[in-house]
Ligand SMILES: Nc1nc2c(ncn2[C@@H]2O[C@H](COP(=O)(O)OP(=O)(O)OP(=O)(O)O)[C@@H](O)[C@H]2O)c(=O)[nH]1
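Quick heads-up: it's one chain on its own, the form predicted on its own, in structure tokens.
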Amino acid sequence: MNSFYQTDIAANIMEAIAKEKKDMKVLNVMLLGKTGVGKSTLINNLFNERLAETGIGKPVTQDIRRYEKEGFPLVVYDTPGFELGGENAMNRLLDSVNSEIKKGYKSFDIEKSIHCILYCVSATSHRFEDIEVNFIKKFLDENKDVNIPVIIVITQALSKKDASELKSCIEAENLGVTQVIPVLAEDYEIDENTVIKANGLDNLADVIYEVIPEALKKTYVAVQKASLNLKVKKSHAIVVGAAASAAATGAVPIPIADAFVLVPEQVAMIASITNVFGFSLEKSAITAIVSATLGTAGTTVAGKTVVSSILKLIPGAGSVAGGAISGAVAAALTAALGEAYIGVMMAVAKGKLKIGDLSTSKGKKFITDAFKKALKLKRDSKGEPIEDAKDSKKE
């Protein structure tokens, strides 16, 4: 494979990644709750960027600070606890929160609106105080026209029993919140022999996904890191869409020499999956991925030629060598590339591979093996795997 084509495609992918990231709408999340309930720990473990760790937030009002990072489509609005100031502090905070929410709502700009509120209560407190009940009731009543989802997060849930009891206590108030979810945001070491593993964040991540506006779901899947399942599901949907586009392109069989017409779908697919996983990849890593797949496929993705030995890996496609690529073959190639790439991103997310490994022989072998395995799957005309009847009987 000519290195010029590999570098050129890698550059196109990098450009597509940057453009898609720039086009993502900004997600706005507000944190509420008493002082010391672990709001910063929660937000730093829920999202890719540790915004709350910086300690530097822009004052929005006397009671609200705004945390953001350039180039990262997430804004966190943090609020102080009001417990020490009693009723007056509660009312002042409520006025500040309501003002910020109404300002965004009246702007008719989705990027200026608050999309979700996380109200944090510590499980270690063993109680949900009347002042908190009153605050949430007043907030929901005064913002019923805006209809912002409020999720009560029971943080620092070291004891499942304590968290469950507090959850029941909160739910008994019938506040009308979206859900009450216990969470231990990060591992907690009791001693050198005992560690309570983090839990509940994936459940919280899934609930947030369900309640935020549709226009923000793409952004949310990319910026959150608590639910790998969300990223995988979104990525598979991207692959299905790209394979369908490739099938449509190949509906009128493409001469092998003109296979480069498939490149735009595949470039967009890889860029989208990269953004879903929220990784920042150097051009060298993208070039290595292109090299590992294109080298295997004899420039299948780049076009120009398709090596017959590779096409023979695709069930039912070996006969097209020297002829043309059908819609089914185009879909199968695209799906195989997409699924192999998802496998690479998952390996990085789980710590089995490092970003730096992608440009090494170890990383290239992983990518090549994943692509070959995906090519061998039997697929329908849309590129989706078909279960082998013989295999299913064995199971």
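Each residue number is its position in the shown sequence, starting from 1. Please read these numbers as outputs of a predicted model, since none were measured by experiment.
Missing here is the form predicted together with the ligand; even so, the following discussion is about that form.
Not one of Lys218, Ala271 and Asn275 places a heavy atom within 4.5 Å of the ligand in the model of the complex. Of the listed positions (Val29, Leu46, Val37, Val344), a single one reaches within 4.5 angstroms of the ligand by any non-hydrogen atom in the model of the complex, namely Val37. For the options Val239, Ala185, Ile289, Val121, the residue carrying a heavy atom within 4.5 angstroms of the ligand in the model of the complex is Ala185.
In summary, the region of this chain contacting the ligand in the model of the complex, judged by heavy atoms within 4.5 Å and restricted to 345 to 353, 38 to 46, 363 to 371, 329 to 337, corresponds to 38 to 46.
Contact check for Gln224: every heavy atom lies farther than 4.5 Å from the ligand in the model of the complex.
Although the partner is absent here, Ser235 sits far enough away that none of its heavy atoms falls within 4.5 Å of the ligand in the model of the complex. Within 4.5 Å of some heavy atom of the ligand in the model of the complex lies at least one heavy atom of Gln156.
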